[in-house]
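Before any questions on binding or motion, here is one chain by itself as structure tokens, the form predicted on its own.
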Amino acid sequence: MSPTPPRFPPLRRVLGRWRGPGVVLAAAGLILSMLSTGSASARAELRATDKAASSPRSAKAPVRVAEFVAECPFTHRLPDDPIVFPGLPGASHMHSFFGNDSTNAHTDLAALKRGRTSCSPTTDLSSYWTPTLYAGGKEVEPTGTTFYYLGEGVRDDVIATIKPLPPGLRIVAGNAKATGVGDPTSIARWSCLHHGEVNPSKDFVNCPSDSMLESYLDFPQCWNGKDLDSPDHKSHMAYPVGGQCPATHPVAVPKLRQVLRYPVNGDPARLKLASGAGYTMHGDFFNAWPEDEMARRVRDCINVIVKCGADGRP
């Protein structure tokens, strides 16, 4: 709606009973000045209104975290491990698999590409697996299964150079044969959902009744740039040192963080992994992301330090 122009009294009312050319000219000048001022004010108000109406709402600033995610619910259990025991069904302890539903002892990249996935986004055909958790001898599967791809762990200038994970890359994090919480090869971390007062530990923790048991596991993010696997399934990868990748493993790639939430709490004495105690927690990853999808997420989320969702967009 256009602003209402200012209303002024008739000139004769202003003049009243005064007469004479000087008085008339002065009064006329006063009225013209008032009209000019009012018109300028009205014009300014109209300009402000038009500007507000035509200006787009300011976009919400992106969150400055180098991240994209995949939510990959549990699919199946098998005593198989296509990385450690390829081609040998039943040779491993029991594993719980997430993501690609075709994973077994004979899995290779071609098989993963043909498989289906539980992941969101469905473009992620990768396979993720961990030792199965038991509570009182009964299998328990996580109801929260988030796999974060992060830039953290290295300096910002290194994040800008992070490269996509190559197709077929296999990584194992943690140690199924760890001997205790003091074993440096154990990188397990157990905690309680929404209960930070419970100190995290490499072994199972006692969570309150309104909580869930959480497992965090960070995979190495420095690659030697050549091998998709190695004899011990670890030597081709390394963790950063001092905010950068070591010279032996110069290629920085996204850090995979596996976060699993199990619907159990209370006395941890009844808990056991298929590999043993809580400190033997480990994770396996077999990359089957389409190259273009992985590259887009690294470029648009990781390199520029922007938090993205499962669709790979801020």
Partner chain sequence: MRAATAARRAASAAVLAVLLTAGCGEGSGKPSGEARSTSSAAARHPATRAPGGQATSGTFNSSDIGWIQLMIAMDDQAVLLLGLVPGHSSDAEVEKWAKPVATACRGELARLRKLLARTGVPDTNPHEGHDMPGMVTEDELRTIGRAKGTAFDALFLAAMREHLDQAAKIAHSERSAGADPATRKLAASVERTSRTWRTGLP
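For clarity, every value in this text was computed on a predicted model and none was experimentally measured. Positions refer to the first chain, counted from 1.
Quick note: we don't show the form predicted in complex with its partner chain, though the next part is all about it.
- Taking the partner from elsewhere, residue 85 is found to have a heavy atom lying within 4.5 Å of its partner chain in the model of the complex.
- The closest non-hydrogen atom of residue 239 lies within 4.5 Å of its partner chain in the model of the complex.
- At the 4.5 Å threshold, heavy atoms of residue 276 reach its partner chain in the model of the complex.
- Its partner chain is not shown here, and in the model of the complex it never comes within 4.5 Å of any heavy atom of residue 157.
- From the list 137 to 145, 219 to 227, 206 to 214, 121 to 129, the contact stretch for its partner chain in the model of the complex under a 4.5 Å heavy atom rule is 219 to 227.
- 235 is the sole member of 201, 104, 161, 235 with a non-hydrogen atom lying within 4.5 angstroms of its partner chain in the model of the complex.
- Of the listed positions (181, 193, 111, 91), a single one reaches within 4.5 angstroms of its partner chain by any non-hydrogen atom in the model of the complex, namely 91.
- In the model of the complex, its partner chain lies within 4.5 angstroms of at least one heavy atom of each of the following residues of 151 to 175: 170, 175, in sequence order.
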